[in-house]
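Below you'll find only one chain, the form predicted on its own, shown as structure tokens.
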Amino acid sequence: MLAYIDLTQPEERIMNQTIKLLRGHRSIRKFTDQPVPQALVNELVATGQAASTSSFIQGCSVVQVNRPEDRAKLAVWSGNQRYVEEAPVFLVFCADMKRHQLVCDMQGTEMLSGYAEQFITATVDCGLFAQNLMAAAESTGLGGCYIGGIRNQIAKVAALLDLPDLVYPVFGMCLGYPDQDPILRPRLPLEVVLKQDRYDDSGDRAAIADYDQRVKAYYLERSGGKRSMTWSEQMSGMLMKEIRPHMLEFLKKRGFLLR
């Protein structure tokens, strides 16, 4: 069995600056008032574009939301996450197959849309794009967090941003200079995630039980003793409830997942 790797003990691993940066990722939800230059935002988006893209499809578009009144709405729709309104920069990452319809028209052909594979590739492109961007941002001293909560009221978000059919908002991202220094959140043991040749979960129950205690200790430390929860408790509580059941119908109306 592979040994658990403690993220807080970098001396136990072969470590370079890139690995150290990526392994040190934390969600930042409190920011200073220092503005982020637009030139830096532009550079970060260009770095996001450099991520891998399935079949060169480049299926991600980014909407930078600047208007305070729009930010206020997005904060409420995301579940009253006020840092959506307060962060110096807020980006919305959109899976975009609209431009592909355009280029087919430019070539005098008709695009066959609505395939599940197109939905998957455009959505994955957004994840890769955003992760590149976040890592680049952290390398410059910025911090941030992803906002999946924009899917709570996804139709309202799409209308606010004037998103056409074949485009949907996947998640948002807050960026700014950190005004907090949270501790690292422990990840699952490596042996639970990394399988060799076949999917074998025979040891996962014991490994997760041990991991649960580390997560519980993390929450106790982060909350000053006010929160005590294991990862299993957190996940089981979340997954016994409906999760955004409106998403499928919304995506179909947008021209996704039709076949």
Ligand SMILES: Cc1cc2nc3c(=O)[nH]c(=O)nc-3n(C[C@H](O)[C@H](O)[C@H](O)COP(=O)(O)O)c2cc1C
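What you see is a predicted model; the values in this text were computed from it and never measured. Numbering starts at 1 and follows the sequence shown.
Missing here is the form predicted together with the ligand; even so, the following discussion is about that form.
Here is the short version: of R185, R99, K156, R82, the single residue with a heavy atom within 4.5 Å of the ligand in the predicted bound form is R185. A heavy atom within 4.5 Å of the ligand in the predicted bound form is found for exactly one of P88, P189, G149, P169: G149. Checking 158 to 166, 114 to 122, 140 to 148, 101 to 109 against the ligand in the predicted bound form, the stretch whose residues place heavy atoms within 4.5 Å of it is 140 to 148. Remark: H25 counts among the residues lining the ligand in the predicted bound form, judged by a heavy atom distance of 4.5 Å or less.
Interface membership of K216, defined by any non-hydrogen atom within 4.5 Å of the ligand in the predicted bound form, is ruled out.
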